[in-house]
Structures are given as C-alpha cells and as structure tokens.
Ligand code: 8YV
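Starting off, we have a lone chain in the form predicted on its own, written out as structure tokens.
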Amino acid sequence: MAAKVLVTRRQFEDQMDRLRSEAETIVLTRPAPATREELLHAVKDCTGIFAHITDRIDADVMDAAGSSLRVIAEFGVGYDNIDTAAASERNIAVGNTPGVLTETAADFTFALIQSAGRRLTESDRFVRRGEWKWFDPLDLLGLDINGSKLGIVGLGRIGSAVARRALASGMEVIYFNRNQPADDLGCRRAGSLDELLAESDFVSLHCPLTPETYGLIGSAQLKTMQSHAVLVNTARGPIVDTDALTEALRSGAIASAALDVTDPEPIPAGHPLLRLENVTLLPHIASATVGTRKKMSQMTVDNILAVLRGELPPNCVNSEHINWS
C-alpha cells in the first residue's frame, strides 16, 4: 500500500507537490481547522500527518490512523498540541521546525514592545473615532524604550533574539529561566520570577507551554508587576490566566498588554478583553511572513519525507523513544 499523508490545512503548492511525488496526499484545503470528527475520519490509514497548532493530535487521533502512522510533523516550533508521550508509546516520530522563525518572531515581539509602550494601537483607534480635535500634552503618554527595563521569561532562541534587539535599543534586560541558558548575552539573571516581574517595565514571555508554565502568569504575578508595566505574550495563550489579566488591565494593576496569543484562541466575539482600550490583540501572526512560512512548510515536508524514506525526521523531538529496527 502506498504511503498516505494528511495535511490538515491549506499549504504552499510547491511543498504539496513534493509530498505528492512520494505519497498519496490529502489536503484539507479550507482555511479553517478540521472538526474533531473530520480529523478522526481523514487520518485513517495515514503514514504521516502534517499538523498545525489548531489540531489536537492525541492518542485517539493516532489510533484512528492505525498502525501505519509513523510521523506527525508540526508546522511550527511549539508542539504542545501533540501528545508526544502517546506518540512515543506508539513508535511515532514527532517533528517540528526549530530555528526558522526565530528572527521573524523576535522582530514581531520587539515591534509589539514598542507599539504597546507608545500606545500605538490605542492612538490609532483614538484618531479613527474622530477624537483627535486638539493637542493635549498629557494625553496618550507612553513609556520610553531606551532606558527601560525588559524582563524576558524564557531566554531561549527567540527570547535571546529579542534580548539582542532590546540591548541594541538601549534597554536593560533581565531574564528568568529554570535552566541556565547557553549564552545570557550579558543580561542579568533574576533570582525568581517575582523579582523579574517586580523590576521590569516590560515583561515578554518566551517559555514553552508545559504543565509547569500553564497559568504561570496569574493574579498574584500580575499584582507583583508595576502599575506602569506592559505584558507582552507571543508564546502560548494559556501561559497567562486570561481572567486575571482582564481584571489587571481593567483595574490598572498593569498599564497594558500586547497579545499575539490568547486563551481561548481565537478570542471569541464579546470577550471582555475586546472592550478594553489598553490591550493589543493580534491573531497569532508572529511567524507570518512569506519567507518564514515557506521555510516552515519546507521543513515540515522534509520531516515527513525523511520518514517515508526510512529515516528519522531531521528535526525529531522524541528520537530517543523511536525504534524502527
């Protein structure tokens, strides 16, 4: 039987042609995610799954595919939507796309830091509502970037790239990591998360979503931050307690937030966050440039094709648990 690959969302056609040259390829071409029922049906007898962050690939999906499933390739760096323990138990390789979006995501994050600090989206709405009728020297005052302190939670690839941009812009950078990073870039390591939160003018989240980081920023942590501080999240929505953040923004416990990710995601119409002026909400687009997304697609296909040829994916996150001998 020929190998069969499921691609759960529309993708770049040149990369789909690469897959089609070596496997029967089913592409769910609409932009919206597949429903649970559609996913369980479409995955039957597949050798590989080209997955996206909106797909929950758990044991039920793997079992629906059957014994032929050998690789789940995530279109992205984060793979918290995939039950890697269940995949390892079933001898299924899980691949991702590390490194490719580091600089793009860091550019985007630093743009959010600057935008939130200077209240750009709030000012844009101010003008569009027709409220710019005079010059008020005390209206829409923001934070200077140069001379401010940036706290980075998670000094990995992306966090380090953001730190380099911040240092070049005259910011002081502190960070908090559970483990010592390979290179702290001359930034100061905070003794605790609370220390970082209490000292920072801006806090940017770059840690992965794990059981330990789920709800990492809650009511107590937000109360630890300074009242003029800005929270930026381009990592994963559930790292922040959404209800606690909404209340902190409403009460003035912190000045503002800029979120590329939310919990839930997408943020539903009518959510209280949408009614607040002091939050910027974006649709999970940190990696959304043509060049980066094309490279991500290529790397995801590379991970699948390697398995079809009997090799581990070039970027395999559970290689120590895979035994195809």
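Predicted model, so just to flag it, every value in this text is computed and none were measured. When you see a residue number, it is the position in the sequence shown, counting from 1.
Below: the form predicted together with this ligand, not depicted.
Relative to this ligand in the model of the complex, residues R118, K149 and V203 are all farther than 4.5 Å at every heavy atom. In the model of the complex, at least one heavy atom of I53 sits within 4.5 Å of this ligand. F75 belongs to the set of residues with a heavy atom inside 4.5 Å of this ligand in the model of the complex.
This ligand is not shown here, but in the model of the complex it comes within 4.5 Å of a heavy atom of S287. Using a 4.5 angstroms threshold between heavy atoms, M62 stays clear of this ligand in the model of the complex.
Only one of 243-251, 130-138, 189-197, 77-85 places residue heavy atoms within 4.5 angstroms of this ligand in the model of the complex, namely 77-85. Shown without its partner, this chain lists C46, A258, M296, I57 as candidates; in the model of the complex, only M296 has a non-hydrogen atom within 4.5 angstroms of this ligand. Note on contacts: among L155, M225, L101, V173, the single residue with a heavy atom within 4.5 Å of this ligand in the model of the complex is L101. Annotation for 217-246: the only interface residue with this ligand in the model of the complex is R236 [heavy atom within 4.5 Å].
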